[in-house]
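The chain below stands alone, shown as structure tokens; this is the form predicted on its own.
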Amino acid sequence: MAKADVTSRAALPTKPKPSKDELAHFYREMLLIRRFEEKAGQLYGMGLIGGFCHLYIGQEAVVVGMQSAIGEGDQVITAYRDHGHMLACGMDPAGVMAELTGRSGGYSRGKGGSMHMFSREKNFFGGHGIVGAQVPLGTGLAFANQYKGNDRVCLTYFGDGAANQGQVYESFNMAELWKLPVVYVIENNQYAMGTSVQRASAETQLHKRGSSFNIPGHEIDGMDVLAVRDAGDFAVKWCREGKGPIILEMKTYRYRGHSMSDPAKYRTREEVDQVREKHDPIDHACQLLLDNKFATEESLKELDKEIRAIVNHAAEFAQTSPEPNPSELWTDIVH
């Protein structure tokens, strides 16, 4: 098949409008991530979170929409901007926040911090601090699924910065060669660590990066949770049918710096404000709920109050959970 036909053979279908319950769920999940990250930013500013801390504020629609597309047993693996992925997987906010503060009640018992949390129970195979390292690992998970014949799919997330890493293309080649069930989700927030895609990438349409390997790809509005849901449903089905890997480039945007130590002077305040005002994923879902009379402003205010209570509890737990016992230094390592 000619390479020009790669994407056309995997054209995205149009899906029906969401139900009240589905849209309400999306809104709640995105709001939880937003409020959690805002609180994490506060705790970092108070010196209660050490090391690096990469917030997901602005990108919530990507992980919430994609999570709705997978089923029990499907896996998720991502990079270090990972708190939103954990929450979307159903991990306990208190356990996630406690890991951020390095306490024993955290998911890695306080040893992993912001960038290294895992949950086998939720099939979350971690955030990973080395740029692009999770891509061959996610490809390996997909290989294991195929080898076991378990009909599972792995969502492998990485960013626009990691899209230029060599190990990504080694993974693409292997995944297509062996028709592995992996969805590569490129979260293109447009600035990587602080350099725009236009300055860092010869090919800025990142969904085309798999074309030389015959992997289809699509560019998706990552600020629209319904667009993400539709693309996710299609991509997961594509993999489950044994057609091999597929790439979804999510055009999204982070409102904060690359990490909490980044003043983000490489872009203007006006640019950030314009995205917040016109393309915010949570505002978009909120307006859909109101326009369809699925919710009232009063009910949404009550929901926000409920979410804030959950996050406040998580923050309290993260500060009162005990420090790890020094003996934890010798656990989970290979002698």
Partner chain sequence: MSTEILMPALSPTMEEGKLAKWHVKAGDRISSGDVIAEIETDKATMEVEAVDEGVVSQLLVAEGTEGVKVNAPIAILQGDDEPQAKVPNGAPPLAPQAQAPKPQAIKPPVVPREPELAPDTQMHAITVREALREAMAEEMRRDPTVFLMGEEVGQYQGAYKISQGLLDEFGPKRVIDTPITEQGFAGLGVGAAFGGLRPIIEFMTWNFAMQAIDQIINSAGKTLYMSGGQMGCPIVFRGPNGAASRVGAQHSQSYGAWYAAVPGLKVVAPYFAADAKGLLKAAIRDPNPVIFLENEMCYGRSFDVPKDIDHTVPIGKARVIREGSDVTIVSYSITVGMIMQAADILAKEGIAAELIDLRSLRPLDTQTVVKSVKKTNRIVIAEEGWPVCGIASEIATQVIEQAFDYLDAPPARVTGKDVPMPYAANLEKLALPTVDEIVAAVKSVCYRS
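Worth saying up front: this structure is predicted, and the values here are computed from it rather than measured. Residue numbers count along the first chain shown, from 1.
There is another form of this protein, the form predicted together with its partner chain, and it is not shown here; the text below is about that form.
Between its partner chain and the residues 48, 275, 290, 300, the one pair within 4.5 Å by heavy atoms in the predicted complex involves 48.
Scanning 128, 152, 229, 251 against its partner chain in the predicted complex with a 4.5 Å heavy atom cut-off leaves one residue, 128. Heavy atoms within 4.5 Å of its partner chain in the predicted complex are found in one stretch of 63-71, 24-32, 266-274, 292-300, which is 266-274.
Not displayed here, its partner chain is kept clear of residue 13 by more than 4.5 Å at the level of heavy atoms in the predicted complex. For residue 110, a non-hydrogen atom is located within 4.5 Å of its partner chain in the predicted complex, even though that partner is not displayed. Among residues of the shown chain, residue 100 is one whose heavy atoms approach its partner chain to within 4.5 Å in the predicted complex.
Taking the partner from elsewhere, residue 284 is found to have every heavy atom lying beyond 4.5 Å of its partner chain in the predicted complex. For the partner-free chain shown, 199, 200 of 198-212 come within 4.5 angstroms of its partner chain in the predicted complex, judged by any non-hydrogen atom.
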